[in-house]
Ligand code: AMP
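A lone chain, given as structure tokens: the form predicted on its own.
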Amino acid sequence: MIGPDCIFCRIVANAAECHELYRDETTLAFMDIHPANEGHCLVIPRAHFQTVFEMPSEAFAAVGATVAKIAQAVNAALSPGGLSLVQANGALAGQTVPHVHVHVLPRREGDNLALNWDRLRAADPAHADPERLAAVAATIRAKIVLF
């Protein structure tokens, strides 16, 4: 969906407007036009990657460095009670724009902003079983690609 069909690619190319916060050679940060909370902004790679699965680790590292910079600025400017960073891959995970992006979400007492799961619920006993955790960890470790 690169090009005129990707709103974030259009923003990078200055073909669509945004409230830009920061731009460097590889990343761009701007305000979300549908903010969940005051100060909600996005950080994207300037190159088009639909999900992190297509992205070189160096490109995601650059996004991460900009996320840290923007999170610091949001915290200093707005003094929220906390801050959530959210990055989703695929519609099932809640990704609505198919271009990698990280949400920088200032959090405030009573904002009732849900993030797809109840953080206070008890874990599924089958998933939390130490033997099952060890088996899943081993499966994941076997798939880690070292660069």
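In this text, residue numbers run from 1 along the sequence as written. Remember, it's a predicted structure, so these values are computed and weren't measured experimentally.
This protein has a second form, the form predicted in complex with adenosine monophosphate, left out of what is shown; the following refers to that one.
- Within 4.5 Å of adenosine monophosphate in the predicted complex, a heavy atom is found for none of T26, F49 and V67.
- Although the partner is absent from this view, D32 contacts adenosine monophosphate in the predicted complex, with a non-hydrogen atom inside 4.5 angstroms.
- In the predicted complex, Q95 approaches adenosine monophosphate with a heavy atom inside 4.5 Å.
- Taking non-hydrogen atoms only, R108 never approaches adenosine monophosphate to within 4.5 angstroms in the predicted complex.
- In the predicted complex, at least one heavy atom of A88 sits within 4.5 Å of adenosine monophosphate.
- Residues H40, L42 are the ones in 35 to 65 with at least one heavy atom within 4.5 Å of adenosine monophosphate in the predicted complex, listed in sequence order.
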